[in-house]
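Take a look at this single chain, the form predicted on its own, given in structure tokens.
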Amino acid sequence: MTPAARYGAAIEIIDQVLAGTPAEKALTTWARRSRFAGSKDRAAIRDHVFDVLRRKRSVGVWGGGSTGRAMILGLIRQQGIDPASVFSGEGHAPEGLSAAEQTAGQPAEGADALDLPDWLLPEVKQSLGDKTEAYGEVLRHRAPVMLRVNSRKLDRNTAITKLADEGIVAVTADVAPTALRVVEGARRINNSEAYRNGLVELQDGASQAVVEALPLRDGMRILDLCAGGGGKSLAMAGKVNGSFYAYDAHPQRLRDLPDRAKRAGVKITVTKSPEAEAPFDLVLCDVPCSGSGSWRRAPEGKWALSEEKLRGLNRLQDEILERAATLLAPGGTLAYATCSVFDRENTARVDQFLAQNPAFAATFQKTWIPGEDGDGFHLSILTGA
């Protein structure tokens, strides 16, 4: 496919997403019926689609409309590409621009340039203050590809060498002592020997930093209460010797964890009933949240969130904190984490919990802002009597 034809395909897919089809489903459906597209074509089209979704508000202003065609026009204008080189009508390229399209659109300003919904701006400003503009800007770009080095098997420098032998260029990241940022060859990771042999795992840098901050000790009984795919379970098991349990309300998310744990050389028990395995010395609950720290990776969430949904998440977060507290041994540690930067999901939830559970005290609190080496994350560590 030509570069212009890739933009044409992206227009088609974006229109489907705007009509309500999830982006991943729209991309998969297009790929299945477009067997002529090679892997590089599919990768480029995916990048175009997600670039638009991250910048849906500003590219609409730049392109003068709210259709896939207008948004792609806005995107290439932002990128400094001559629209005539894409909208030529030649082959499978998009049709040439009309006179109206040639004059429509303008540079985005204010809230449009931040690519944030109007209703969320007060929430962001209240939580981030003078970091609001930088936060909006970073969400407009792709997230870094981060790896966690399995320190049970090798150190970071050795991992860098082994990855380089397979055409994957990685550099150390300051966010965590196990973190690497991939700068070249990211699409080779899943098929690499280093990944298949459990030497490295895909894991966000801030997520690794959360695990580094936990008060882990040998011999502990540890529960990952909202485990998702089990990445933090693996990271914790890679640091100390103990008994590790993983639970998620959606068990299918954990179906690959036993194989990943075996590959990493650790043991993690997937449990269907945390209460049956309690008590635990440490319970980590990385609760469902807005995902406002990771919207670079899942930009649809930025536009789908509503005030009602956020209130519902707050209620669920409170419920999970209360449940986690019942699973602790006396004097145990409760770690509350989100991939959100909103105070309303972070310190506000912890403050409410502490007000209702005076036997607990907060001993550590930190919020990571999305950046070069990771997503946005929050961690509060609470210690019980």
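Predicted model, so just to flag it, every value in this text is computed and none were measured. Residue numbers run from 1 along the displayed sequence.
This next part talks about the form predicted together with a small molecule, which is not shown.
- Contact annotation: of the candidates A227, I72, L163, V200, the single residue with a non-hydrogen atom within 4.5 angstroms of the small molecule in the predicted complex is A227.
- Residue in contact with the small molecule in the predicted complex (any heavy atom within 4.5 Å), chosen from Y247, F244, F280, F87: Y247.
- The stretch among 229 to 237, 131 to 139, 169 to 177, 301 to 309 whose residues place heavy atoms within 4.5 Å of the small molecule in the predicted complex is 229 to 237.
- Using a 4.5 angstroms limit between non-hydrogen atoms, I320 touches the small molecule in the predicted complex.
- Contact check for V287: a non-hydrogen atom falls within 4.5 Å of the small molecule in the predicted complex.
- Interface membership of R253, defined by any non-hydrogen atom within 4.5 Å of the small molecule in the predicted complex, is confirmed.
- At a distance threshold of 4.5 angstroms between non-hydrogen atoms, L316 is in contact with the small molecule in the predicted complex.
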